[in-house]
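Presented below, as structure tokens, is a lone chain in the form predicted alone.
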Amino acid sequence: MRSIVIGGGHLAYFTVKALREIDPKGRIIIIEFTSEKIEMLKKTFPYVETMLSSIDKVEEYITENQSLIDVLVSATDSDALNLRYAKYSIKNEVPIVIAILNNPLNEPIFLKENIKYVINPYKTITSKIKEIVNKFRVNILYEFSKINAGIYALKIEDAETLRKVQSFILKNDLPFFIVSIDDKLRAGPIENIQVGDIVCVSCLDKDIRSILEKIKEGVG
């Protein structure tokens, strides 16, 4: 796999680490705009190719190499540039185009431009805090930003919670899977859910909040 990472800052660091884990033998090229960062990148990632470029030359590189690029990640320190390069890459039919946000408030702008893969690294902060504090008895596994929905993991702590979650899934005809106490995955039927299991269900955000309120308040 040939991957292009635009930008050499902290966002690019985590991106390169992830790409290397996915494909240890793949080719990774980082495009950066300052010679100082280029030298740092060479020392940090000896297995990565680096390329010094001006901001306005990146599109030219994408055009010339579009047939050779499998993945392009726009991870500069500027969301304006990330949006610009992602849009241009999509226009040039790069198979996988990913944009990483610096400012989470800019996510709607990227989604409006039909950029399919937008990573908002700050969303994990919310889900991790919920996981640690366990305030809502639910963890967010994945979020569908465009429709305010996601995949949510609910811990079945007692028989009453089990009954309410089963009723919730049946009433809304929701897709789900089960993670058992011993971390094994199980499919339906819904009768397979047991106390102690974690049920992962895909639904709208407003619906998951509704069932959580019922569990919290003891409403049937």
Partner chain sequence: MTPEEYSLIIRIVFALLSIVLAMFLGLRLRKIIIKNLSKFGHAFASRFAEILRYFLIILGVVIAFSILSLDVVVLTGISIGIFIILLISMRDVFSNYAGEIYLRVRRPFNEGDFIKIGRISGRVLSINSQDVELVSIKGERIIIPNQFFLKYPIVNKSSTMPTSIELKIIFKESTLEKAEETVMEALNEIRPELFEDPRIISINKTDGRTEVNLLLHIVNQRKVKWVINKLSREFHRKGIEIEIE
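Residue numbers count along the first chain shown, from 1. Since this is a predicted model, take the numbers as computed values, not measurements.
In what follows, reference is made to the form predicted in complex with its partner chain, a form of this protein that is not presented.
- Contact with its partner chain in the predicted complex, defined as a heavy atom within 4.5 Å, holds for exactly one of I69, L162, I169, L41, namely I69.
- Between the options I96, L141, L105, A80, the residue in contact with its partner chain in the predicted complex by a heavy atom within 4.5 angstroms is I96.
- For K57, no non-hydrogen atom is located within 4.5 Å of its partner chain in the predicted complex, even though that partner is not displayed.
- Among residues of the shown chain, K206 is not one whose heavy atoms approach its partner chain to within 4.5 Å in the predicted complex.
- Among residues of the shown chain, K216 is not one whose heavy atoms approach its partner chain to within 4.5 Å in the predicted complex.
- N120 falls outside the set of residues with a heavy atom inside 4.5 Å of its partner chain in the predicted complex.
- Residues with any non-hydrogen atom within 4.5 angstroms of its partner chain in the predicted complex fall in just one of 176-184, 191-199, 152-160, 25-33: 25-33.
- For the partner-free chain shown, M1, R2, D23 of 1-24 come within 4.5 angstroms of its partner chain in the predicted complex, judged by any non-hydrogen atom.
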